[in-house]
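Shown below, as structure tokens, is a lone chain in the form predicted on its own; questions about how it binds or moves come after it.
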């Protein structure tokens, strides 16, 4: 049987093929349940991986698919974290409503800033996103009466999930809750990417100037995807607050924005699972390296990044895809 290349497919058939679930995807999500039985003492770390993977997924939508480079994406993560904390402290401790509030506020800020983001590209865009992130962090630090400043937001109390599952010290509820939210948001992101809108984002990434010639408003598409990414990042920040029941100023730091870019490079940008794989590798490596050398673990992270970029320029998933293609040809 002759194989039909994806280049000969119509956009509709291509999207239909992409929306089908592959066996490896089912295996991946089934494997996310294994920590409950195989690594019960590492469930707190597993919940952090799930939250960080969700944050990396939000950045992948704008960086990997639309080509929008951002070094201030932690701004939306931090907005979601503080919103969830303040909501639980002054309004209601129910977790799902707190996530909705975090997503709404982060989305509003993302939509407002998208009008600036959609007008610039490349180095100018990097500087703008970096500057906005730094400004927001200093604003949060100055508003000590509201955010707690450098001391962090105190008094956060989250009710049991569905009124049944309390957040325990072992992280069992935290991981189950984070994993469920990650899966639901991933399904939404998967549907967005495998749609005509997703194809338009790929076109914008390749050539933003030519897209209007085929009827795609590049700026409007950038504003939409930037708002969606801000919402997802806000949900990730809200999850961190709810599972740890505290908010530190670090949620708005430049280091968090830089770390998530590193995760995408490790896993492979422009691939929905790249952020999830990259977050898993990065968080596990950081946990192990910090245990070996607490003061120098960034050295080993840097060495890992250099090795991956040198041997696998398109990330771990890109390298695996290349190996699979070679195996099929042989």
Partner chain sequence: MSAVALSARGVSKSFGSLNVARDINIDLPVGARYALIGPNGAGKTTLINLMTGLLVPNAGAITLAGEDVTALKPQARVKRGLARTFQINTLFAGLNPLEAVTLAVCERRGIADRFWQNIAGNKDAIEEAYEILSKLKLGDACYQTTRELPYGRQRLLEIALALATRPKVLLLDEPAAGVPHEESGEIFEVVAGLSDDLTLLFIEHDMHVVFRFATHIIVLVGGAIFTQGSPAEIAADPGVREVYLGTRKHG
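Residue numbers count along the first chain shown, from 1. If you're wondering where the values come from, they're calculated on a predicted model, not measured in any experiment.
The form predicted in complex with its partner chain exists for this protein as well; it is not shown, and the discussion that follows is about that form.
- Out of the listed residues 101, 192, 249, 156, 192 is the one that sits within 4.5 Å of its partner chain in the predicted complex by at least one heavy atom.
- Listed residues 166, 202, 144, 89 were compared with its partner chain in the predicted complex; 202 is the one with a heavy atom within 4.5 Å.
- Picking from 71 to 79, 251 to 259, 238 to 246, 207 to 215 the stretch near its partner chain in the predicted complex, with a 4.5 Å limit on heavy atoms, gives 207 to 215.
- Within 4.5 Å of any heavy atom of its partner chain in the predicted complex lies no heavy atom of residue 23.
- Its partner chain is not shown here, and in the predicted complex it never comes within 4.5 Å of any heavy atom of residue 172.
- The closest non-hydrogen atom of residue 196 lies within 4.5 Å of its partner chain in the predicted complex.
- Contact between residue 321 and its partner chain in the predicted complex is not found at the 4.5 Å heavy atom cutoff.
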